[in-house]
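Two versions of one and the same chain are coming, encoded as structure tokens; call them structure 1 and structure 2.
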Structure 1
């Protein structure tokens, strides 16, 4: 279980996250929803141990997060793979760091099987630059789930993809999470309400300036429905309206925030 208590962080005197309290049970798929600049990516970096909170605590299974967290693997929107290595070498580098005792042949087999799992069987010897954006994200997901970690952190992983690729990868992530049988917790950052409704078993809505938790909704019922039925389902639509209204109120508040604009410092 991931337990966040009163987590706050400020950059250059500006509060980015304000006393976030959140509990993520094992096997949950939590979507962090919010407009850009609300601190949701910062929150993810805190979970990954890439940043340290100014106050409050984050624990994973009762252990305080301190430095890059072994239990977590991360997928970013882009730049997840190192472009100077083949896709296979990218996976093998991660696997070697996670399982130093395995032989090269074992690592290779593992890497190949995970690439196959995400539908990239033939991409082992390809460089990332030779792959499309969608294929790169598939490879990044393969690398993230290939290492033995229980928490998968995804920072707007499909933000740069075309709609068809995005839908396919959403299906992939949803299936992978369902197949893990509650063994893997996913925290997924997005600003797309429908994406959150489709993927998340829980949805946390973040408000901006300063970033804080506005709402935490349960969406576990969505997992029974395929995509086309989900967005015809009454309770899902009700949840969508509810989240939208919270989201919109926050956006309007930010637009009306006079402190956002500084006289004379602009273009």
Structure 2
């Protein structure tokens, strides 16, 4: 269980997150959904222990997060691969730290299998500079999912990918989570409503200025139905409409607060 209680943080005097209260059950796939600038990535870094909240607390299994969290594996937006190491060695470095009892040959086999899983078979000896942006992101995802961690944090990991690879990796992450049997919790940042509906078993909607929790919704249909049936399902369509309504209400409130919106007169 991840427990966030009244979590707030500010940068240069500006409140970025305001009293976030959120419980993430073990085995959940929580999508953090919100527009750019609402503090989703900041919240993810707080969960990983890479930032410290100004007030409030975050605990994992009752233990307060007060530094880089070993229970978490993170996929950032910017790939975060070591450029002086080959793609395979980047994976093996993470695997060696997580699986110190395995031999180098075993680690290499694992690294190669996970690269194959994300469509990068044969890229083991290539350096990140030789890969496209989408390929580097797939390598970073392979590294993250190869580590046997309990919590996987993903910060808009598919943003740099073309539609085909994006769909393929959505399917992969969804399947890996389902196959974990509740042993892995995923927190996934996105601004794409349909992506959240497809992946998330729960969806947290953030508002901005400052970042705050607007809604928290269960999404059981995401594991009952395949992609081609999910978006024809009435419960999914109703949740989609509800999320968009929350977005509109938040946007109208911000515009009204700034005296930019006047009923019937536009902006």
Partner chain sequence: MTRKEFELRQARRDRRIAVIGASIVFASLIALYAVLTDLTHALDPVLFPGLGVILPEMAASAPELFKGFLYSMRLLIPSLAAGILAGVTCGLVVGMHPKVKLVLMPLFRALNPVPPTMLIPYAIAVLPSFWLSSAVIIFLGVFWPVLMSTLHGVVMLEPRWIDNARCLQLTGRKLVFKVILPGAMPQIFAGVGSGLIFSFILLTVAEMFGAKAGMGFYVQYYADFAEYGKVLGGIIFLSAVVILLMTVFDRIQRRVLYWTNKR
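Think of the rigid core as the biggest set of C-alphas that the two forms share within 1.5 Å after superposition. Keep in mind that what you see is a predicted model, and the values were worked out from it rather than measured. Positions refer to the first chain, counted from 1.
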Index of the chain form predicted in complex with its partner chain, chosen from the pair: 1
CA superposition split between the two structures, residue 36 and residue 62 in same rigid part: yes
Hinge rotation between the two structures - smaller rigid part turning relative to the larger, in degrees: 14
Once the two forms are fitted on their core, CA shift of residue 248 between the two structures in Å: 2.6
Core-fitted comparison between the two structures - CA shift at residue 134, Å: 4.1
